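Presented as structure tokens, the chain that follows is alone, the form predicted alone.
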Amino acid sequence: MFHSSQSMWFRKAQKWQLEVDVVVIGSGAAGAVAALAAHAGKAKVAVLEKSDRFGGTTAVSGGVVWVPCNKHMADVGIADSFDDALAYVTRLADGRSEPALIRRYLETAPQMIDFVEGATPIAFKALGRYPDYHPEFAGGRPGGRSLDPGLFDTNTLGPWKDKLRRSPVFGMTAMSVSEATDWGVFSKPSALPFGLLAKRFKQGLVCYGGALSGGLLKALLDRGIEPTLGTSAEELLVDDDRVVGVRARQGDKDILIGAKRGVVLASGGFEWNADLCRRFLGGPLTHPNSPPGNDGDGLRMAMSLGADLGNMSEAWWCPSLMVPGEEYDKRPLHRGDFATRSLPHSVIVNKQGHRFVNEAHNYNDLMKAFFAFDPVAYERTNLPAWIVIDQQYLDRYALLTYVPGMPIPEWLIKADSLDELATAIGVDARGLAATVLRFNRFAVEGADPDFRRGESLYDHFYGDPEHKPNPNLGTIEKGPFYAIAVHPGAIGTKGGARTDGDARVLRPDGAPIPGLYAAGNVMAGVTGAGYPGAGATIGAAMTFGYLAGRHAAQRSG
């Protein structure tokens, strides 16, 4: 390890293998926007990416960007106000974020979108029918704040085409979020235009996070900024209490990279680091949904310089499902579940066979119910948990790799009766029978007084609009019956280095660490415990990346 005195010697002896104005660590949306903003400020930029693909967690995400008061909301006829957005995000943050930081996010995010659209080929479109995750709360909206990046032609990347990270779930499809909504991707999977999707795939078009990351990569390449792949940042180098560079690992060699104006940490969260998850999170995280490289590199580097931390017990929670044997980057693939639990003819139960949550609720807040703790039994009563469905579900809807008409997959637990299914999954049979009997009555009546499933406009987004009387409620009565385990997952962690309104990393006394910035999941999440709407993780990441790059470029060397 190079200590600060050694770092100073290497600086003065001019032993940098590379020296730039700003070093960005990570190639997700936070890092890419930071690099573009720094370049716009006349800074020379280097982008380091640990993996051999560009895009980070962003590239495997839905690619949606949540920005209140964005200019595209007018196109879908939805008005917004800063005060409404502030009240809404403040409530969801639940006291876990600095009020000034929330204001900074909401003030700057629309400017960031203008900057990104001016600097990249991306043309965002407001999603008028994608509600905030709590649209019924004061300040919430029925849509418009979530922005769709559309499609992207990877052929424009030239030799970098194959270096763009692809989603293991929808990397072979090319439909915008708007199209997916119009086509009923969740409720009518068999009606998708498969011929068109195959044609687009052959043409090299990508969607969702691939489209967002592709557009950002194209903008970097157009400016002569070629990300350095396969290069992991190992240590921040300090001279006279100021971050002046990075020691990185490339293959079996160390390289020293000087940063005359600053280093931006944008390396993602720590969800793949089991030790950090055990030490910090408020509940078990066993099945993360992000690329396996997110194991806390940036967090550890910030901590080594005495950075203050915030929101460390929180994550962008998401229930995970698995198909045995599936892998991504040589690790098990965990698929975030958004629709299965929301569609009719499905329930989630614990080992008592009881429901314990509105299954159609937003994934972040839904997961928190899984962590309920019984102090007498000294256990989490809702883990393990199972999604239970019947043949009606499989006749109509998709489930992971299954679509109606296919043979029933072997990985789906099957039984002719609910009692047999309960035995197969280790659930109390009488509890399950009573739960399904009660739930079926709710489904017929169209209202769920126990957990209010299907009341929120958000619930309806992932439901079946053609199913009556409630798009989220359907009986479970037609055998065979099926079950699949639901695991604690997350899109990413949201705790990390505390920052100020310019994304500067802070010490415990509130003073910034000179030359060090953070954006994305490596910083303390600005939305605290909450998840305001689709794309809030990327919206915040891009906004603070924009602030970081802009501020770093203005610093003197």
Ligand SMILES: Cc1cc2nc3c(=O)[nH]c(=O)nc-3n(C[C@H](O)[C@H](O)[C@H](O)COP(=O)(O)OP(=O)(O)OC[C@H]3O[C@@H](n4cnc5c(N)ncnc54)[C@H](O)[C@@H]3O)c2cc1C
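Heads up: residue numbers just count along the shown sequence, starting at 1. From a predicted model like this one, the values you see are computed outputs, not experimental measurements.
Quick note: we don't show the form predicted in complex with the named molecule, though the next part is all about it.
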Can you pick out, from 289, 273, 364, 350, the residue that has a heavy atom within 4.5 Å of the named molecule in the predicted complex? 289
Would you mind picking the one in 524, 45, 60, 516 that has a heavy atom within 4.5 Å of the named molecule in the predicted complex? 60
If you check in the predicted complex, is residue 266 within 4.5 Å of the named molecule, heavy atoms only? yes
Can residue 491 be called a contact residue for the named molecule in the predicted complex at 4.5 Å between heavy atoms? yes
4.5 Å heavy atom contact, residue 64 to the named molecule in the predicted complex: yes
With heavy atoms only and a cut-off of 4.5 Å, decide whether residue 29 touches the named molecule in the predicted complex. yes
With the partner removed from view, which of 437 to 445, 225 to 233, 400 to 408, 150 to 158 is the stretch that lies within 4.5 Å of the named molecule in the predicted complex, judged by heavy atom distances? 225 to 233
Quick one: which residues from 283 to 310 get a non-hydrogen atom within 4.5 Å of the named molecule in the predicted complex? 289, 290, 293, 294, 297, 301
